[in-house]
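For reference, the chain that follows is the form predicted on its own, supplied as structure tokens.
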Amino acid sequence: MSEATPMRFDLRPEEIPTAWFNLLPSMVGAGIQPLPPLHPGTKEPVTPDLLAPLFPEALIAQEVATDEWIDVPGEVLDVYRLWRPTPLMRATRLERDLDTPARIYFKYEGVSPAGSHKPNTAVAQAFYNRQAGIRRIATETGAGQWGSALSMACRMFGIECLVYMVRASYDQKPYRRILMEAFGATVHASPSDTTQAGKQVLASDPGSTGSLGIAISEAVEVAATNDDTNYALGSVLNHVLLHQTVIGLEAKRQMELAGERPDVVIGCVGGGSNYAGLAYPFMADRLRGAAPDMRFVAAEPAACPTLTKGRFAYDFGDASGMTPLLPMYTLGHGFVPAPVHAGGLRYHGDAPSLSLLVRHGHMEARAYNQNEVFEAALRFARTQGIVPAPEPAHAIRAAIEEAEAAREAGQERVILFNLCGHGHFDMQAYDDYLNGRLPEVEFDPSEEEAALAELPDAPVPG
């Protein structure tokens, strides 16, 4: 590797993708039949009209779309141009530090105004809600990345934003809350006393640290009981993952500029949005037989090991059972993960499409403990100069593992991962790690067993 080795690959502003990519047709072509969400009462497939109290018609249409390409509206592109295209970078300094023959590339989404990949869908969802005449959007947020992004997007389109922030993150990350409020959002710690769902949790557990499932219940309740309010979700659903594919579409062009094709594509997974956004345009090549040996690694926290220890089943997307039943890997909708610093990965379920890819062997999952993740994060920061958020630090841990394996095998390997956000508002987490205060949280299988015992009676075909 010489000093002249290219380290950054940029697209021109006019090369922002003008259409989102839908992986579902490729999955069907490969014999992976998506399973429909079910009505929790009748156990029949959910029809679009049942989603109308929560989402605008355009997003419902995208949720069930069978077209491979869906055009990005001009007003959405206009906002994307504030930060897109994002850079693809080669981590040459990390490669040297690892003494590996592997070549490590990362797509850096932390350059967005909100500091993460989340605005890719927040802007689109705010646009479609404004188009439908909605006055306010209610949502949940874990680490605060999604809440920050939607707060910004709502402000740009003249919509009020109400955010239920998981209590553990509300306490750990006050500057995320302040960022949301700076954009004009109203932020409540969840569980809160502003909803029936929150009050029920607090009645049984006054000190609850909350979960994404509980926060979803609160936001959905507000949307379902107020005609002028819709709900927005930052991950899991098809239309959210669809909007994020601008990441992978750009990355494919940028890898071509680098003269490379990834051997392994890595991302952190909580609900699945950032990883699907990077991986799905590449996954289409694997499903079509154009890249059968390309591997895909989903990295998750050992404290909330949905893909590695969960069950593939129909389950609620929220803790109170207000959402349709989704076919996914789940730890049980009543499972409350430990308050690890990677708040955006503390979700009991995962995106149905991503779950199916894991189930059918097209994607593997690995779980990592909190301290080894922060060790990897600091190694990356001290070589590459970017302090990552705790969530993508899981992807960095997996990338280092792959690079070390390449070194041991004495083989070249092209690694691509998504650095989906910076850690500038996560200094408390780094302070805890640097001063030996970061606990190693053990996953308790008995808590999962109790939660899985409450799964709805809706058998999964096959």
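Bear in mind the structure is a predicted one, so any value in this text is a computation, not a measurement. Each residue number is its position in the shown sequence, starting from 1.
What comes next is about the form predicted in complex with a further copy of the same chain, which does not appear here.
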| item | value |
| --- | --- |
| Interface stretch in the predicted bound form with a further copy of the same chain - options 218-226, 172-180, 313-321, 236-244, non-hydrogen atom within 4.5 Å | 172-180 |
| Candidate site Met165, Lys199 and Leu455: all three near a further copy of the same chain in the predicted bound form by heavy atom within 4.5 Å | no |
| Option touching a further copy of the same chain, based on a heavy atom within 4.5 Å in the predicted bound form, out of Thr186, Thr194, Thr383, Gln131 | Thr383 |
| Partner contact for Lys43 in the predicted bound form: a further copy of the same chain, 4.5 angstroms, heavy atom | no |
| Contact of Gly74 with a further copy of the same chain in the predicted bound form (heavy atom, 4.5 Å) | yes |
| is_contact(Gln428, a further copy of the same chain) in the predicted bound form, heavy atom dist at most 4.5 Å | yes |
| a further copy of the same chain contact at Met156 in the predicted bound form, heavy atom, 4.5 Å | yes |
| a further copy of the same chain in the predicted bound form - contacting residues of 73-88, heavy atom within 4.5 Å | Gly74, Glu75, Leu77, Asp78, Val79, Arg81, Leu82, Trp83, Arg84, Pro85 |
